[in-house]
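Quick heads-up: it's one chain on its own, the form predicted alone, in structure tokens.
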């Protein structure tokens, strides 16, 4: 952890860089997916990765907690640091506890609402009152009052929006420092999506959040910073590069590149 930062409970206080990407290039086999991406992601902010399909947003996100290690043909060059530590030197299991991930589609365990949170706590050796922790994190995602009388119910019976909030609560219960979200609202109705947006805005008080979204209105609502990836073609290959990185206000009101300007005005309106 950056020495300038102090942790009080689960609240990360102080300014600093949570994630540093330095000249990151990713190949799947001989095919490049992204090239030469360099950016700093700041603590207690929401950073949105946006850009057209195929620009490498998910590839880049999955590099942060080494999920691309699961693809045997992946080659990564450059450096990725989490609170100053090279992710390649952190045990993957420990890294994924510190850098939690919420996926595009809700994926609750096919067990009770209670066990979806309690199981991870037990596996990670939590010795306190598990029921208190279950309530704490269900409350944090705004779900407890909706399910407090149904905690033994199978989580698969919840609505899509409720399932996604449960998955976020399950991730938060492991007390990560960073939360990665890969289009968490893509399969949700507008009301559920707004609830997730409001939740993400609250979560940055406690965590650093990185989210992929194709919804530019969502990015404009919740993001403090926007990383725009664009697709380029060179020597017969097609891959993503960082086209622009700016505060959300600057990106949406005065983009510095023509590619970003065209993307915004094609996708909003």
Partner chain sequence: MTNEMPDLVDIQVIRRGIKSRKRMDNIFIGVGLGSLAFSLGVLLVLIGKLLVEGGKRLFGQGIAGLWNFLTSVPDSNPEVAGIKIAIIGSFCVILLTAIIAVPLGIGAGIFLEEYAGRGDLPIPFPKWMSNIIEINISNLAGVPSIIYGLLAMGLFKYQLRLGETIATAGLTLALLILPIIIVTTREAIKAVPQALREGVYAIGASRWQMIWDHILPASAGGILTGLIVGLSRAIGEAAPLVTIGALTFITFPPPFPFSPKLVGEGLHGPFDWLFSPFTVMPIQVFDWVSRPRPEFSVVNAGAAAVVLVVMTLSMNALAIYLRIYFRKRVKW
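As the structure is a prediction and not an experimental result, all values here were calculated from the model. Positions refer to the first chain, counted from 1.
The next section is about a form of this same protein that is not shown, the form predicted together with its partner chain.
Participant: Give a yes or no on whether every one of 39, 52 and 201 sits within 4.5 angstroms of its partner chain in the predicted bound form by heavy atom.
Facilitator: Checked in the predicted bound form: no contact with its partner chain for any of the three.
Participant: Heavy atoms within 4.5 Å of its partner chain in the predicted bound form: does residue 170 have any?
Facilitator: Contact check for residue 170: yes, within 4.5 Å of its partner chain in the predicted bound form.
Participant: Does its partner chain come within 4.5 Å of any heavy atom of residue 216 in the predicted bound form?
Facilitator: Taking the distances in the predicted bound form, the answer for residue 216 is no, it never comes within 4.5 Å of its partner chain.
Participant: Taking its partner chain as it sits in the predicted bound form, is residue 70 near enough to touch it, meaning that at least one heavy atom pair lies within 4.5 angstroms?
Facilitator: Contact check for residue 70: yes, within 4.5 Å of its partner chain in the predicted bound form.
Participant: Find out whether any non-hydrogen atom of residue 157 is located within 4.5 angstroms of its partner chain in the predicted bound form, and reply yes or no.
Facilitator: Answer yes; at least one heavy atom of residue 157 falls within 4.5 Å of its partner chain in the predicted bound form.
Participant: So which of 75, 186, 107, 131 gets a non-hydrogen atom within 4.5 Å of its partner chain in the predicted bound form?
Facilitator: Spelling it out, the residue with a heavy atom inside the cut-off is 107.
Participant: Name the single residue among 88, 96, 150, 139 that comes within 4.5 Å of its partner chain in the predicted bound form, judging by heavy atoms.
Facilitator: Of the candidates 88, 96, 150, 139, 96 is the one lying within 4.5 Å of its partner chain in the predicted bound form.
Participant: Given the stretches 25 to 33, 61 to 69, 235 to 243, 220 to 228, which is the single one in contact with its partner chain in the predicted bound form, using a heavy atom cutoff of 4.5 Å?
Facilitator: Of the stretches listed, the one contacting the partner is 61 to 69.
Participant: Listed by sequence position, which residues of 224 to 244 have a non-hydrogen atom within 4.5 angstroms of its partner chain in the predicted bound form?
Facilitator: Nothing in this stretch is in contact.
Participant: Distance change of 3 Å or more between the C-alpha atoms of residue 157 and residue 202 in the predicted bound form: closer or farther compared with this structure?
Facilitator: Compared with the shown chain, residue 157-residue 202 is farther in the predicted bound form.
Participant: Knowing the Cα distance between residue 202 and residue 158 changes 3 Å or more in the predicted bound form, does it shrink or grow relative to here?
Facilitator: It is farther: in the predicted bound form, the C-alpha atoms of residue 202 and residue 158 lie at least 3 Å more apart than they do here.
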